[in-house]
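One chain is shown next in structure tokens, namely the form predicted alone.
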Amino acid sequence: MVTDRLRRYGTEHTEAAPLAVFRVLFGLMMLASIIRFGAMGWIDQLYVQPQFFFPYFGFEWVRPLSGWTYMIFLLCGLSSLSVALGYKYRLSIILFFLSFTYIELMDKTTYLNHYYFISLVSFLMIFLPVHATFSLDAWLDPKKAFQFIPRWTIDAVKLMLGIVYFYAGLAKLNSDWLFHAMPLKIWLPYHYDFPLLGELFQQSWFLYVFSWAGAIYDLMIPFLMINRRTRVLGFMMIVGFHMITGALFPIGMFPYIMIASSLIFFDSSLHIKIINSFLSFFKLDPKVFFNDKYQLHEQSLFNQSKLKLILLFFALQLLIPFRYLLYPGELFWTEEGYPFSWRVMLMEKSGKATFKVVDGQSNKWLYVDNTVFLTSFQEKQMATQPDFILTYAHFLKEHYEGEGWAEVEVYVDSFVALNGRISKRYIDPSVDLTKEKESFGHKTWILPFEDEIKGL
């Protein structure tokens, strides 16, 4: 019975217009993001000026390319424009995915959930017929134009968006967020001049309301958007929530990306109107795109492999956020399994890390001035994350070996405060970090949290 339903679902078709509008908006927003990044001077500030970068484990070979880094951003910007136009689409989306992901991997100091989201969506778009209509590819070669595409290709994007919201909601089901209103109690009172809400941000009860509302919002949005009767309400909530958070926090283009992406949940009639309005404005013939042609799914080995890859992709999206269960200790403290799990703005962590470098032969030693090697942003990120601390310790070892030191040992004395708690020693100061290797295993040299945060 279930197999028959899935087989029938796999053969269902729907209008290609929603996926086409999604492609155009996605490409334009990515182009705007790249232009904004360059205009703000962030390419130079984040990827050219620093002398040291924090690589992801397994991707140590991904590095900024000095002045050539600008070319990566240029490639990313041009490919995003080409994606929006639907020109040489497959090549364009592959180049965009590779260039954007390369930028994301150059330095994990700049990790943001929405960068991860963009990499995942662009990877998924490689396998979807996003250029079947309302694209230059379809316009220049009518044989590539299809008004109807398999329904699952649009549902795949909806599922990706649903995972992001629902998992972000699950992540908020913890005692710090729900019963202590942390970290909103730290962040929101600073916005005392925020229009209409500034006064309320000073009220403790309202911060609890804000916390609970945020969790309920994330958990409900996928279901509100799937249901036609509640879709408008859900979209209004998306717009309101993202406009407020966008005004409160420095999260760049993320609010606009999520608002625009959520349009894909609406009926195809809306997207057809958008496309027809554009075609009418430029006096273009709509028959090229609205041609009653169906894109059929051929039972080829390539298509079967593609479907299996997409199923594997979503299986990983469902499982990866829960990998933290494999590690002992408090997740917010150790951060083992924290990234890539849609845990969005759940904690306020601040710390100080003082490194001591020892020459094992002569016993001479010194305390490191981190500002010599790191930017202030890198140092802030490094001080509260164990994997950053380990990477930096190994960098110091190599640096001082280059200075002629022998049998170099590196120790760190670090203190971290989490979600308003008193600052506590974070890393075992007796451990020579040069003897520790980065891996997916538990870092035994992280000191216990000595508190409890209940929940997921």
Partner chain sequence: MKYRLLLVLSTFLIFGCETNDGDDTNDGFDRTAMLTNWADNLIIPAYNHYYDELTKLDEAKDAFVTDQSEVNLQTLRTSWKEAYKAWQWVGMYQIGQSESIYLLGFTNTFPADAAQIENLIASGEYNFELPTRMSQQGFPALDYLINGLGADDAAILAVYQGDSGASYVQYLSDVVDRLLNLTSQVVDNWNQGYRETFIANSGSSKSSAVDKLVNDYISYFEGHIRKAKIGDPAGVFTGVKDPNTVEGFYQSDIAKSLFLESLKASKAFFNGEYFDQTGSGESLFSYLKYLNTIKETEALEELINEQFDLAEQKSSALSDNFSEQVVLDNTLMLETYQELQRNVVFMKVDMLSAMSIAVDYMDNDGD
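Since the structure is predicted, the reported quantities are computational estimates derived from the model, not experimental observations. Numbering follows the first chain given and starts at 1.
One more form of this protein should be noted, the form predicted together with the partner chain, which is absent from this view; the next part is about it.
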With the partner absent here, would T101, G246 and N276 each sit within 4.5 Å of the partner chain in the predicted bound form, counting heavy atoms only? no
Can you tell me which of 24-32, 42-50, 389-397, 61-69 lies within 4.5 Å of the partner chain in the predicted bound form, counting heavy atoms only? 42-50
Report the residue, out of T354, N291, Q304, S175, that has at least one non-hydrogen atom within 4.5 angstroms of the partner chain in the predicted bound form. T354
Would you kindly say which of I186, L270, L159, L136 lies with a heavy atom within 4.5 Å of the partner chain in the predicted bound form? I186
Proximity of D141 to the partner chain in the predicted bound form, heavy atoms at 4.5 Å: no
Would you classify P195 as touching the partner chain in the predicted bound form, given a 4.5 Å non-hydrogen atom cut-off? no
Does E348 reach the partner chain in the predicted bound form if we count a contact as any heavy atom within 4.5 Å? yes
Is I422 close enough to the partner chain in the predicted bound form to count, meaning some heavy atom within 4.5 Å? yes
Taking only heavy atoms into account, state which residues of 177-211 are within 4.5 Å of the partner chain in the predicted bound form, ordered by sequence. M182, K185, I186, W187, P189, Y190, H191, Y192, D193, L200, Q202, Q203, S204, W205, F206, L207
